[in-house]
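Quick heads-up: it's one chain on its own, the form predicted alone, in structure tokens.
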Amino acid sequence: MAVIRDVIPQLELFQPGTADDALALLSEHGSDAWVFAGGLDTLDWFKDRVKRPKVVVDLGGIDSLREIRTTADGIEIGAMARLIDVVNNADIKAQFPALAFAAKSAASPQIRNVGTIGGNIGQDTRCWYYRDGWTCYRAGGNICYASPPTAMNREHCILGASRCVAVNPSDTAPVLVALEAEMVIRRGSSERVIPADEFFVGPEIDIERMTALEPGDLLMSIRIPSKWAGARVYFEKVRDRDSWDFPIVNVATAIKETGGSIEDVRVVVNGVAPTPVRLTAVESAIIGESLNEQTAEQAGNVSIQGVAPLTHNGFKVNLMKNLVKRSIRDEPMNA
């Protein structure tokens, strides 16, 4: 398949100065419009000429979308806040250090200085068949090129596949799900708030989307409630290269403990399914248990129940098991 590289198709660029102006443009142009945040995912699509929107709405001039605010019930992060801003924000580091650590784990220093948290959670999957313009299910075709035994599927699903076996590549997403964050979305003058664990969409719901965002929608901010502020929240990521690479598997675990026993817990893995996966079976198994090696081992064993590895990614099974185990056993790492 011949793919033309590094030549962006003709498009019309708008650079609104306010969120209202951006929403008006998105309403006017509908599915012909593309939202441009940090541009890191966008420019890959455009240079490869796989995505060809008629209109691009650049949010870079909307300062209000970059704000990080402390609220009466936690923190609200503007969707255009750069990853480096999340890493360095004093309130986030004090209340939710795992989120700062996850943001610091994403990409490289150069990319973190440009990439946004909204872009990190909203980015499309990195399946090379899909991104190179192959007509797979996700691209509107009738086949998944990554699922046959002879396919290159080392980085693909071991959970949650439904025709498509591509995975969600975000590092901040599992932490936001673990922290019970909410996504604030506007369409015109109306606003809706979606829990983080409902924001991500699997192929069984819509195979051509990875989030609940539809044409005309704009992600405004991410609200993180104070419920888990100061709790024991663990994040770890395994990748091929320490600098800039996407996760092979990552895990975020939030634990509240009383007297050495687990009072409440949320365990979320990513890089193993089309969406971040909350491991509710693991949570149920360890609630009320002591926070020790035996409980961690139990959590790891339960986490891999129902996995379905492909030809070349069976190594992800033990990797996920051990990451979940460590997330219960080990002390959290700070940014």
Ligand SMILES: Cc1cc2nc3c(=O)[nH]c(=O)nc-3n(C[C@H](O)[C@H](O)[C@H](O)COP(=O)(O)OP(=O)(O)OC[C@H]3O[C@@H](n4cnc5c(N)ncnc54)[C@H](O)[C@@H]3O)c2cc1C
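Position 1 is the first residue in the sequence shown; the rest follow in order. Being a predicted model, the structure only gives us computed values, none of them experimental.
Not on display, but discussed next: the form predicted in complex with the named molecule.
Contact residue in the predicted bound form, chosen from 217, 257, 91, 206 - any heavy atom within 4.5 Å of the named molecule: None of the others qualify; the residue that does is 217.
One residue of 35, 302, 286, 277 in contact with the named molecule, assessed in the predicted bound form (non-hydrogen atom, 4.5 angstroms): Selected residue: 35.
Which of 67 to 75, 100 to 108, 157 to 165, 141 to 149 lines the interface with the named molecule in the predicted bound form (heavy atom within 4.5 Å): Checking each option against the 4.5 Å cut-off leaves 100 to 108.
Contact label in the predicted bound form: residue 245 to the named molecule, heavy atom within 4.5 Å: Within the cut-off, so yes.
is_contact(residue 50, the named molecule) in the predicted bound form, heavy atom dist at most 4.5 Å: Judged by the heavy-atom cut-off of 4.5 Å, residue 50 is well away from the named molecule in the predicted bound form.
Contact test in the predicted bound form: residue 153 vs the named molecule, heavy atoms, 4.5 Å: The answer is no: residue 153 has no heavy atom within 4.5 Å of the named molecule.
Contact of residue 39 with the named molecule in the predicted bound form (heavy atom, 4.5 Å): Taking the distances in the predicted bound form, the answer for residue 39 is yes, it comes within 4.5 Å of the named molecule.
Sequence-ordered residues of 74 to 99 touching the named molecule in the predicted bound form, heavy atom within 4.5 Å: Sequence-ordered list: 79, 83.
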